[in-house]
Each structure stands twice: as structure tokens, then as C-alpha cells.
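Let's start with one chain on its own, the form predicted on its own, as C-alpha cells.
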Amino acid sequence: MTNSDSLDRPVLDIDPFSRESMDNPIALDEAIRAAGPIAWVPKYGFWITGHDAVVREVFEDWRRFSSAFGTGLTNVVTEEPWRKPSSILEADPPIHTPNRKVLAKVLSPSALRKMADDFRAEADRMVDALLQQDTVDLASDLAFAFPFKVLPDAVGLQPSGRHHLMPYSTLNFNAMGPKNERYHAARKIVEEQGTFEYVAAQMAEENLLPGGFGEEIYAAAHRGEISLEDAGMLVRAFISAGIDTTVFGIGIAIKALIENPAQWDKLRADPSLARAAFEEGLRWYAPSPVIGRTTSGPTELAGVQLGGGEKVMMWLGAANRDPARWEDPDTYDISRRTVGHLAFGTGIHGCVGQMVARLEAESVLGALARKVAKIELIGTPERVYINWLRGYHALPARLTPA
């Protein structure tokens, strides 16, 4: 329902974090776009937009729309956050700049080329093992298992204790939304399991294995490029933000290929389209469909007056299907030129680890395309219920070897 409130601002009376909204995500996206370029959501007291052009304006102007107050619902300056704010995800220049520069150097194209062979070999090994089984769960056995193995290895995390990574990341993405039952349940799990203590230990330089991203980040700190405290925070960013989104992004692409046999045939005929299949999946059904900014002062956006210190939630899932930007936006098409989709953000805060995610997905989808003739769903996919994410916890399937 859309109307205007007493302040004469457009209002969208919805709860985007309700079970009903999560069960009907595309309908939610359509309602957000239909509300106009921007609307006020009274239940939570934030602005919302699902229009591509408006989202870009917000992303590309960090001075008007700040990340330093948190990118979720919580204002991390005026309210107590559940953890210390990130020095890259929840920071603006000048704090953001040196940390971003260090991560960009650590995740350089040459660094990624070095790990590409290892990623592909691991993906081949995992798919070969799955082909020996009568039935598989492509969500847990591949989309989850692959990033869960290669990313912690690349960072230099100890092999022991990695079962803490998913609960911590899940709490991170639930905490970005309202403090509802999902948040409290996720927090209870990590508190009972000692996950906070595990993460604190993994951030410490002495606990990182040599040869990984973590060692390189601390080397930058020793050169004086960033502080030692910020180095630990950058390692934490890999733990909290680098797993769930990639896991669900890969699972979404796999499910889209199963449900669109012509696209699967296209990928099998040309496995080099693996990255395109992933990118189109991100556009078609973004695993992290929302990100927020806070107005640094009174401003105007899409012809509407916003006050200072107000949250603006960019609904990327809606913007990535905006018909003003995309032709036939509801169709999954791996031949589409997806440059410009918003799943990774854009501007100075665009996802710094996006090339790692792309390499992971390309390795997995490429291995499937080369080795599997047919993927058949044999059960009902199990949807994810996390405040800030979309995806699947279960994709029961049967694989036919090529």
C-alpha cells in the first residue's frame, strides 16, 4: 500500500523482513519499484528505493549518503552495535581509503591468477566426488562446501574451528536487519558455541597461517600503511562478509540453470560462460538484496526531501530487475551483458572481494558444465530465512555424468 503521511512524503506500508515478504521476494521487489523512486517505510523508519538510477545516485555520493553510520538498520554511531564497526564496510574517507587500498593490493589480479588453478582443481575434485553419489545436496555439498574450503584457506585461517564461520556470518547478516527472532536465534547460537572468541582469535596475526591474505594484510600494517587494529578488522571482514553471500550466489545460479534448461545447455556447450551465468544469477536474484546508507544532512533525492541522519535502504534485488535499466528483466539469460548490475554495489564502497567471489563461482559452475550432463532436482529447495540475504539451504538433486 502506498500513500502519503502527514509530512507529505510517499509511504510504502510494508515489512520487507516479514516471513511473507521472504516467501514472496519478487512480489516484494515489484511493490518497492511500484511505490515510486523513493518511499518511507513507517514500520522501521527508513527510506527505500528499488530504482536503478536512484540506487546509483546514492552509491556514488558518499558525502551525502554515508556508510560510517552503518549499512544496516542500526545507526552504529548513536546506537550500540553488536560488534565494533568495520574499518572498510562502515567507514568513509579518510578512514576508508588506506584500508581499501590495502585490500585492493592484497586481492590484485596477479594474486587471483595465482590461486585460480587451486580453485579450479578443488572444484573439479568436489564435482567428481559428487558424481559418485546417487543423490546430492548442491546447496550444502557444493555451493556451501566450496567457498567454505577455499576462502578460509586463502585467508590463512587455521583448519580447526571453521564450523564457527557460517554461524558468525549468519549473525552478521541478521544483525543488519531488525532485532527480530532471527537475530536473537542467531546470536544465541554464536554465544553458546563460543564463536565470538573464535573470531577474535582468528583476527590475531599470530594465529594466521603463512602465505595467505591475512599475512599480507598484517605486512601492510607493519609497513605503516594501516594500523594493526585495522589489519585485524580487515581479516574479520573476510570471516563475516565473504562466505554467505558467495555461498548463496553460487546456489542461486545453480538453481537458475536447473530451472532454465536452455541456459544449462548453453553453458554446457561453452563452459567459458560460467562467470556470465554467475553474474546473471546475481542480477536476477541478488543473494544480498539490500544495503543501506545514512544521510549526512538534509538533502533531496528523486524529488523528495530527506532529513539528516535518515536511513536509505537500497533494494538491490528490485533495482536489478528495473525495466528502465534492463530489457526483459525477469528472464534469466546467461548471454545477457550484465555489466552494471548492482549486486556488488558501486562507487568507493563497491565490494572489494567481488573478484574472489567471481573466481569461486566460475570454478564451481565451470566444473559442473564440463563434467555433468544433467542436473535434476529431486526435492523441494529449502529457502534461506536470514534478514539480509536470499538463497537456498538445500537443493536436493541427482547428477548425470557427462
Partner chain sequence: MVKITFVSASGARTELDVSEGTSIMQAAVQNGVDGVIGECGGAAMCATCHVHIDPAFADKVQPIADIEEAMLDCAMSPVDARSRLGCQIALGPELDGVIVHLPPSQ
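Numbering follows the first chain given and starts at 1. Quick caveat: nothing in here was measured; it's all calculated off a predicted structure.
Although not depicted, the form predicted in complex with its partner chain is the subject of the following passage.
R275 is the sole member of K149, R268, R275, R236 with a non-hydrogen atom lying within 4.5 angstroms of its partner chain in the model of the complex. Residue R358 is the only one of R64, R358, H51, R336 with a heavy atom lying within 4.5 Å of its partner chain in the model of the complex. With its partner chain omitted here, the record of contacts in the model of the complex names 98 to 106 of 296 to 304, 68 to 76, 98 to 106, 192 to 200, defined by a heavy atom within 4.5 Å. The candidate spot formed by I258, E280 and P329 lies out of contact with its partner chain in the model of the complex, as no residue has a heavy atom within 4.5 Å of it.
Proximity of R113 to its partner chain in the model of the complex falls within the 4.5 Å heavy atom cutoff.
A residue is said to contact a partner when one of its heavy atoms sits within 4.5 Å of a partner heavy atom; V352 meets this definition for its partner chain in the model of the complex. Under a 4.5 angstroms non-hydrogen atom cutoff, its partner chain in the model of the complex has G347 among its neighbouring residues.
Annotation for 8 to 46: no interface residues with its partner chain in the model of the complex [heavy atom within 4.5 Å].
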